[in-house]
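Shown next as structure tokens: one chain only, the form predicted on its own.
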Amino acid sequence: MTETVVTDAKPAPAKKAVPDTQTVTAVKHWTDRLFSFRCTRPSSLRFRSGEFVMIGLMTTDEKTGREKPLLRAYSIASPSWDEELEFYSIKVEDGPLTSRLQHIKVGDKIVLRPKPVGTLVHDALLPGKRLWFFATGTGFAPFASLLREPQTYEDYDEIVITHTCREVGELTYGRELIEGLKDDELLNEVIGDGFWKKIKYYPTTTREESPKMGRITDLMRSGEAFRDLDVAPLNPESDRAMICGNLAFNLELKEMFEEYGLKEGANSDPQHYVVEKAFLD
């Protein structure tokens, strides 16, 4: 005889799926303030190298107790052809998002809104001969994407990358990426043997001693940067530029560019230079 047990218990409700989640595939900590990570890429995501998306983590609303995404704008550091997405981030101890994001591990889920936007794209610049990238800190991220984009080398005769950080270790991500470009099979088809003739890398530090000390804006005003690089000062006939740094840096460079005769562009109005306004270091 089989005993039948009657219960009023109801099955637990299924956990609600979180939309737009991607899986972390790799994490690397570069310093105690900087890290990068890679994640899966939505099959529907199409973007131009240099654009950014909103990414983040789920958090609990203190007032309602409900789960909601906490999102911030992050430049995509991987090129448009990459099968995964890469991001480069600062760690802020009391930052609402980065205080948690810095602890992610392989297999964790992040929220990613697949709607890329941004001004640091080739379409926002008029044709030119030399392309400058000006970055501070993690503002190097969109240039990590553009430096691995074949179009960058097809459109310009020369690429100049300036990267200003406080300490030497904060330059490591960019330096290793640039050094690795010469072994990139896809780029070798475009650049060929003249890699270091095509690319000029100019890293500087402002606090820790390094081979080149100083803010890039000061080094440009004194003419030292142009002498070191063996190039003429910027001019609207040949030079194009992209800026991604803290607000003060962006404003100072914009003022300098106007003195050089360069005009700011946008997706709808290509000009001599563009600035990523969404970035805050």
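Note that the coordinates shown come from a computational prediction; the quantities given were computed from them, not determined experimentally. Numbering starts at 1 and follows the sequence shown.
Form predicted together with a small molecule: not shown, discussed below.
- Message: Please tell me whether the candidate spot formed by R207, N246 and E252 is one where all three residues come within 4.5 Å of the small molecule in the predicted bound form (heavy atoms).
- Response: Yes, because R207, N246 and E252 each have a heavy atom that approaches the small molecule to within 4.5 Å in the predicted bound form.
- Applying a 4.5 Å heavy atom distance criterion, does C165 contact the small molecule in the predicted bound form? Yes, C165 lies within 4.5 Å of the small molecule in the predicted bound form.
- Residue contact check: K212 to the small molecule in the predicted bound form, 4.5 Å heavy atom: It does not: once the small molecule is placed as it appears in the predicted bound form, K212 has no heavy atom within 4.5 Å of it.
- Message: Is R48 near the small molecule? Define near as a heavy atom within 4.5 Å, in the predicted bound form.
- Response: No, no contact at 4.5 Å.
- Task: Examine T136 and determine whether its closest non-hydrogen atom to the small molecule in the predicted bound form is within 4.5 angstroms.
- Result: The answer is yes: T136 has a heavy atom within 4.5 Å of the small molecule.
- Task: Would you mind picking the one in N235, T217, T40, T31 that has a heavy atom within 4.5 Å of the small molecule in the predicted bound form?
- Result: Going through each option in turn, the one that passes is T217.
- the small molecule isn't shown here, but in the predicted bound form, which of 97-105, 173-181, 192-200, 157-165 has heavy atoms within 4.5 Å of it? Correct option: 157-165.
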